[in-house]
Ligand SMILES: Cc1ncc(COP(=O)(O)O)c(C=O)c1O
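Read the single chain below, which is given as structure tokens and is the form predicted alone.
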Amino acid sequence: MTENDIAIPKKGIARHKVLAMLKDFAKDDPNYKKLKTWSLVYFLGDAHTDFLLKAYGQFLSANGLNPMAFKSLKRFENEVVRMTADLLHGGREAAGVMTSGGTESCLLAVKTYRDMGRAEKRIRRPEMVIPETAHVAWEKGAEYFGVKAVHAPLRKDMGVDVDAVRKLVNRNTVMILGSAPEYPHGIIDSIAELGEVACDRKIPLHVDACLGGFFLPFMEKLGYDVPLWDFRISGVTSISADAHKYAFSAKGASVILYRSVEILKHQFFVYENWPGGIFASPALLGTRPGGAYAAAWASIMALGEEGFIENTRQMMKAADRLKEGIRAIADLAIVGEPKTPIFAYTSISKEVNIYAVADQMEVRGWHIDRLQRPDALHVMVTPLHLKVAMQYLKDLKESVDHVRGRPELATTGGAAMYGMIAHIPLRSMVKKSVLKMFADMYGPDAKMINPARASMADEHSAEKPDLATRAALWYVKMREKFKR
């Protein structure tokens, strides 16, 4: 049977063989257990993972669709929400739900404030003002729910320009967004200033703390200089925080909190005329995986405040060591001045292409995420990264030294692809190319694609790039030609 000729087997395969197949399929996945990844996975060690598996497994078949059926799940959800509300200074009036992840939490906030603006202010053409660095989930929410995303520029410190936000707000604005921190560079937007705008204009302010919700409070307890960003700011009306990130729970588990149930009620969906019965849903999903909620509750309870503080101490130590080491490498610089364990670094020299550096780091076994605007490499530190921080810095220096003065490395491999995608002016062409790639990955003849390898194939080879990629290649070649 080929990969494009797949059907349910006539006879079931022995379970031990299926498990062996699963293990084999994962052989090319990022090696997160060796701490070589800097995103996607928040790994706290095998012992914690085994603990989560047991907690999740006890409620594997439990379904949170009906909160009156599995009372255990409702208890887990209630207690996770209440613990999060306490952590973020929401008080007894705060109300919320668990979701399947940060994206669902963000989508729900867009839906909630759209409906609230429609109900309370009769807004028919809703807009939301979001920073340029807002997570892409907010763009998805804008597209899904018909809310215009109005982008606020950044200040020199990479935080959102609050003066620009104030000017962009209008009578159709249903919400303002700030990040704590934003994903690309780890910068905490000035939530206090945004809160003043929100109060002055009587517009809801959501804080996207999907990343920071479960470590910023503990940074503050450790004495780090963390600006106020949570419900202590009067203009903040809602916050999202992911348990499956820095609460080290199983995926997917997030929390969305509102200052009051009066706001939360705009999130609920109720349909009373379905032949199957009256249907009510607190969030986007119908079936809600009980295992994820049990694991989130279990992780928070097992870590306790002392565990969170110690984890935060270790990852801040690792982050500070990494930032210091990167600043010491000639031609590299940290983007902005992030105070969090999330940051990005870039090249400040024409002699060093940062995407070529990423290629060299991957040769050395690291899984590297690339950013654009500016071109940079991304780091999300977890406690266990302290063990590999010095090796990362050693490999990074070697990679920079290897790339320095070798411009040809910018036109091969992933460096060429990411450089083209980041700089080609025809953005619609980039979108078209990515859509085609996704169609190939999810269509009837789906197969896994290595984008860098596929798009960088020689134009005269059998694996010929598509039109958009060839245009990108042409663009980069012309750019280099005119530079000379």
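Computed from a predicted structure; not experimentally measured. The first residue of the sequence shown is number 1, and the count goes up from there.
What follows is about the form predicted in complex with the ligand, which we do not show.
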From R259, K245, K111, K339: within 4.5 Å of the ligand in the predicted complex by heavy atoms is K245
Checking G102, G213, G96, P131 against the ligand in the predicted complex, the residue with a non-hydrogen atom inside 4.5 angstroms turns out to be G102
Using a 4.5 Å heavy atom cut-off, state whether D208 contacts the ligand in the predicted complex.
-> yes
H135: touches the ligand in the predicted complex, heavy atom cutoff 4.5 angstroms = yes
Verify the contact flag for I187: yes if a non-hydrogen atom of it lies within 4.5 Å of a non-hydrogen atom of the ligand in the predicted complex, no if not.
-> no
Heavy atom to heavy atom, is F308 within 4.5 Å of the ligand in the predicted complex?
-> no
Only one of 298 to 306, 123 to 131, 177 to 185, 366 to 374 gets a heavy atom within 4.5 Å of the ligand in the predicted complex; which is it?
-> 177 to 185
